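Coming up is one lone chain in structure tokens, specifically the form predicted on its own.
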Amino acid sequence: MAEKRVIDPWGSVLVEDYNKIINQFGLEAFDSNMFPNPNKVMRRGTVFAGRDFKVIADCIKNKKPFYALTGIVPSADRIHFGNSIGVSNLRYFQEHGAKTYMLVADLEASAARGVSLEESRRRALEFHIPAYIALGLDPKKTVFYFQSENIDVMRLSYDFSKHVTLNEFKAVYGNADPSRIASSLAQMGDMLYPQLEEKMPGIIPVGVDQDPHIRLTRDVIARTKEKYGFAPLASMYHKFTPSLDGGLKMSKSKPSSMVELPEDESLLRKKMKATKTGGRETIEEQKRIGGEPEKCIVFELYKQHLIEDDKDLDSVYQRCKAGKLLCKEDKQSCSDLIVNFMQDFNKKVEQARKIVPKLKFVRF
């Protein structure tokens, strides 16, 4: 069963071999050369796969209309560092002509996570939406809505329920809990909602654990072609940000192993001191044969989040491999960069909170 559920939107199973995922689920390996001026996570292999890239690349090249969409599941009062990858990719498409949508999945939070609609609204308005704006989303170019307030999404999800069987849910998700069925149907409605206004390709930049939703939605597009005539739905998948202890993914269930946003500076520095590195058993050995940045969580934080310039990143890599950069110095540098990031993030969140009351939400 675990072999069949390597990709799991609810986090039961983590990805260990990304190449295996590409082969097992028929994904397209990502080539950053397809897109103009790729961002750092696209250039450095953090974005590794997806579906129908060529459709979106063509839209960008020929200035054709397309959309990009992401969702917030407000299951907690904070997010973690890994969430910023999805925002950076959404921002990339926004900057390259996409009509951008951000939804608050309050119905999913209620059905699958037990969070009330009222609590979802509070968390979204007070923190999650301001946080995404602080991370780079342009609110002036974004359409916002709550699932529970978008009747078109609900109508679509009910209609789509007639085009998916119970056995398909079991095959795609591993089980067929009613709450998960409801959540996945709502997500189908979300991903195709923008096309009710205009038929145009869309792209969903997310972690690879969300691929089951996208696979099923693509099947529904084919099955409802005569009724709706939806344009293709593409996806872009990024790798997880590993936990500070070397685990496969930062997890809200283990706060000590992740960088939360926001995070107290003293606690953050304490976490960084305990972070797994690619250092050797002794300083002498590391100076002699060099470190292993490929196994270093600190280097992964640089690569995914903290160092923008590729030359600067390569300099860190080469110094580590040559034994000239030791772990204590490296952790201190990383701590300083994260603290600076956090201070800037906190300021931008406060500024964004002033914008939220002025945002226009889709309501029916």
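The first residue of the sequence shown is number 1, and the count goes up from there. None of these values were measured; they are calculated from a predicted model.
Keep in mind that the form predicted in complex with another copy of the chain is missing from the display, and what follows is about it.
With the partner omitted from this view, the residue of S75, N83, Q195, S148 that lies near another copy of the chain in the predicted complex is S148 [heavy atom within 4.5 Å]. Of the residues given (S266, S256, T282, T165), T165 alone sits with a heavy atom within 4.5 Å of another copy of the chain in the predicted complex. Although the partner is absent here, A176 sits close enough that one of its heavy atoms falls within 4.5 Å of another copy of the chain in the predicted complex. Among heavy atoms of E292, none comes within 4.5 Å of another copy of the chain in the predicted complex. Using a 4.5 angstroms threshold between heavy atoms, L107 counts as touching another copy of the chain in the predicted complex. Remark: A111 counts among the residues lining another copy of the chain in the predicted complex, judged by a heavy atom distance of 4.5 Å or less.
Highlighted residues L117, M154 and A186: every one comes within 4.5 Å of another copy of the chain in the predicted complex, counting any heavy atom. Residues placing heavy atoms within 4.5 Å of another copy of the chain in the predicted complex fall in a single listed stretch, namely 167 to 175, out of 86 to 94, 258 to 266, 126 to 134, 167 to 175. Residue K227 is the sole member of 210 to 227 found to place a heavy atom within 4.5 Å of another copy of the chain in the predicted complex.
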